[in-house]
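Before any questions on how it binds or moves, here is one chain, the form predicted alone, in structure tokens.
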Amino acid sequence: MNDTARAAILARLRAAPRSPAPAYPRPGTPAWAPPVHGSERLARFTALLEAAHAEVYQASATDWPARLAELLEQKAVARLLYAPTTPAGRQLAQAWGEATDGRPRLIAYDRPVEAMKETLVSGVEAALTGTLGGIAHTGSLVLWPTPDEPRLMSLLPPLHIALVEETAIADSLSALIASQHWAKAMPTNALLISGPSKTADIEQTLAYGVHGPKALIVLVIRP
């Protein structure tokens, strides 16, 4: 476009009649309130996760390592990836010790991801992570990955085991955000997990574990 054409276009725009934008009615606020499940919270959380092919078990704050050992022995898991610097990781290492009488061998996530790639992809059968909490309305886990317990731990090993405190299960995501004051420290990455990895093709044939863990075990830690 030459200067003459550009000047002509701008002149027409400047000469065009101007009028205020029409007033459009503002949409009303949707009539919606977060769901409240109250005493049925844990039951709903469990039912929805199990409906999505996850396994949900309950344990106390002291006996969950023993319960986890039983579950993994039944599944013939030989190696379990864990985060040794987290409170749950320290508790697990102390409870299991060096003995391997039926328990998986503990593999620590203690190096940069570049050095852990082979372990993550093919070096373990399962990985254990903590969670920030759960959502009863959708049967979802909430994870905030950290450098000590990165997102890949919940994505790459065939079996993901997640610990969730019963007291951290909220009715809804908005209730969880409010109760944990997310606004004061927003995460860079939050994961919502509602079962094992699954995908469906154009014929709606559902397949599990194509792009992530084939199975999910949730251990609810009761107070």
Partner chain sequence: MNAPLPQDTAATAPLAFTGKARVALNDPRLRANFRRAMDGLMSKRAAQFADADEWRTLRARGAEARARALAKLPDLLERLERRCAENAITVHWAETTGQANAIVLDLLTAAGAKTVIKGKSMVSEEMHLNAHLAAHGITAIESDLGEYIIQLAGEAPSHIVMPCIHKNKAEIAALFAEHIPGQPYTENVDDLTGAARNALRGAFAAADAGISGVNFAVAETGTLVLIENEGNGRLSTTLPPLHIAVTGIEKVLEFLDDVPPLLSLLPRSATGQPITTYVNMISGPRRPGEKDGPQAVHLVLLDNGRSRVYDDPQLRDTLRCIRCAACLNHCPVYTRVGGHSYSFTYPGPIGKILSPQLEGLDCAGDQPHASSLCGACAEVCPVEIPIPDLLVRLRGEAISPTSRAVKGGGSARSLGDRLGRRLSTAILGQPRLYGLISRLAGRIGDRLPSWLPGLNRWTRVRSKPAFARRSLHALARERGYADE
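None of the values given here were measured: they were computed from a predicted structure. Numbering follows the first chain given and starts at 1.
Absent from the display: the form predicted together with its partner chain. The rest refers to it.
Taking the partner from elsewhere, residue 156 is found to have a heavy atom lying within 4.5 Å of its partner chain in the model of the complex.
Of the heavy atoms in residue 43, none are within 4.5 Å of its partner chain in the model of the complex. The closest non-hydrogen atom of residue 91 lies beyond 4.5 Å of its partner chain in the model of the complex.
Contact annotation for residue 174: at least one heavy atom lies within 4.5 Å of its partner chain in the model of the complex. Proximity to its partner chain in the model of the complex, defined as a heavy atom within 4.5 Å, holds among 95, 132, 78, 113 only for 113. Using a 4.5 Å cut-off on any heavy atom, the residues of 176-203 that reach its partner chain in the model of the complex are, in sequence order, 177, 182, 183, 186, 187, 188, 189, 190, 191, 192, 193, 194, 195, 196, 197, 198, 199, 201, 202, 203.
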